[in-house]
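Before any questions on binding or motion, here is one chain by itself as structure tokens, the form predicted alone.
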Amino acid sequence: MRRTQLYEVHRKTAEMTTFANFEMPLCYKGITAEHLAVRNSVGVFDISHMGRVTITGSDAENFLNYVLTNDTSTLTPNSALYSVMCNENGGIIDDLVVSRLDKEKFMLVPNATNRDKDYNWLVEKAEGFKVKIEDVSDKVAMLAVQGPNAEKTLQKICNVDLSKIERFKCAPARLADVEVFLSRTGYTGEDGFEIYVWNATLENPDNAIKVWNTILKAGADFGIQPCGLGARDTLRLEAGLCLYGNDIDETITPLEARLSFVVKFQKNNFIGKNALLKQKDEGVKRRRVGLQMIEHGIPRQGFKIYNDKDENIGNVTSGTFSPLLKCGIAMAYVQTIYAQEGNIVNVEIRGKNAKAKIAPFPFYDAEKYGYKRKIQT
């Protein structure tokens, strides 16, 4: 079993679980309370189980443009983007965020389940490129502060003006007098920041613990909650964001997953380009969709989906009870002809069919919740 820099803190205050071979907090107060704290105010997560890989060298940009589908040449220093990394068949090896720290230095954040796989893939594909690839995950802790009051919370303890950091922009900073790197991204649908805590090793995690505790104190006025993997999963699902291993994997392409916006076909070459072009020309036969239950029931991974003729047209990949909408929601793949929003389908739950509608992402009202909200807290 692996542990993060904040394991000892969690062990004393959280209900623990196992994820990607890590001992991680499932919840503290409870999944619903933590979920709603993030939607309505602010929460803080330990996400140090995810990977941190630095790519440096004169060929760093060209190398990343070869292994990623998105265009890293568009990144200026202190900016970030979302991308997928594909195999030769167009299957998704991982989805990740890449940040440009300076002209010849980038940082990738692989999913926890893919830390070793991604690193080995990058090293294998780096032959011929002038790059240095380093896994710094165990030297750098990683936190996420998410919610409409995330900026107000962090501004209390930060030495830079956070209002000037736009979404998917980054900045070096000091939090609680500790050197960090901030990126305005997240996995909850809400506004917020991911915090890379430098000089926080597994052997000496003091900086990570100091930042964690100081954030909790700074957010006390806003009712901040420490949040575990349970709320992280329900929040990302409400926002329509994929979980690797459930909703995307190497058998699924970004076109099927409705992630074509991160595939830049105008690039000269990238791994998987030919396969994806072929699929684009032939047409995608299945698509990732949202399901919102009309009838009672909670859809779960693996549940089958049927049309009105009782023909199997797809399967659920992630499902839960939405703490915000008070109903079952899910991600699923269905045959493209049934993927239109508003279509009614049947989900088999415990041997009985329950009606659901194909729903848009995010599931919530984006004018009331999420980083695009118009109603401010």
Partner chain sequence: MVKVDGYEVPEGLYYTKDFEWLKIEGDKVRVGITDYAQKQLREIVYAELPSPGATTKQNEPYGTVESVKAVSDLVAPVSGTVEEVNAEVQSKPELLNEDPYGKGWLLILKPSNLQAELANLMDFNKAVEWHKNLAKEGK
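Remember, it's a predicted structure, so these values are computed and weren't measured experimentally. Positions refer to the first chain, counted from 1.
This next part talks about the form predicted together with its partner chain, which is not shown.
Peer 1: Heavy atom within 4.5 Å of its partner chain in the predicted bound form: which of 320, 56, 346, 40?
Peer 2: It is 320.
Peer 1: Counting any non-hydrogen atom inside 4.5 Å, which residue from 26, 47, 313, 324 sits next to its partner chain in the predicted bound form?
Peer 2: So the residue touching its partner chain in the predicted bound form, by this definition, is 26.
Peer 1: Could you tell me which of 119-127, 290-298, 72-80, 266-274 sits within 4.5 Å of its partner chain in the predicted bound form, going by non-hydrogen atoms?
Peer 2: Of the options, only 290-298 has residues within 4.5 Å of the partner.
Peer 1: Answer with yes or no whether residue 15 is in contact with its partner chain in the predicted bound form, where contact means some heavy atom within 4.5 Å.
Peer 2: Within the cut-off, so yes.
Peer 1: In the predicted bound form, is there a heavy atom of its partner chain that lies within 4.5 Å of any heavy atom of residue 32, even though the partner is absent here?
Peer 2: Judged by the heavy-atom cut-off of 4.5 Å, residue 32 is in contact with its partner chain in the predicted bound form.
Peer 1: Classify residue 350 as contacting or not contacting its partner chain in the predicted bound form by the rule of any non-hydrogen atom within 4.5 angstroms, answering yes or no.
Peer 2: Result yes; residue 350 sits at the interface with its partner chain in the predicted bound form.
Peer 1: Does any part of residue 234 reach within 4.5 Å of its partner chain in the predicted bound form? Heavy atoms only, please.
Peer 2: Residue 234 belongs to the contact set for its partner chain.
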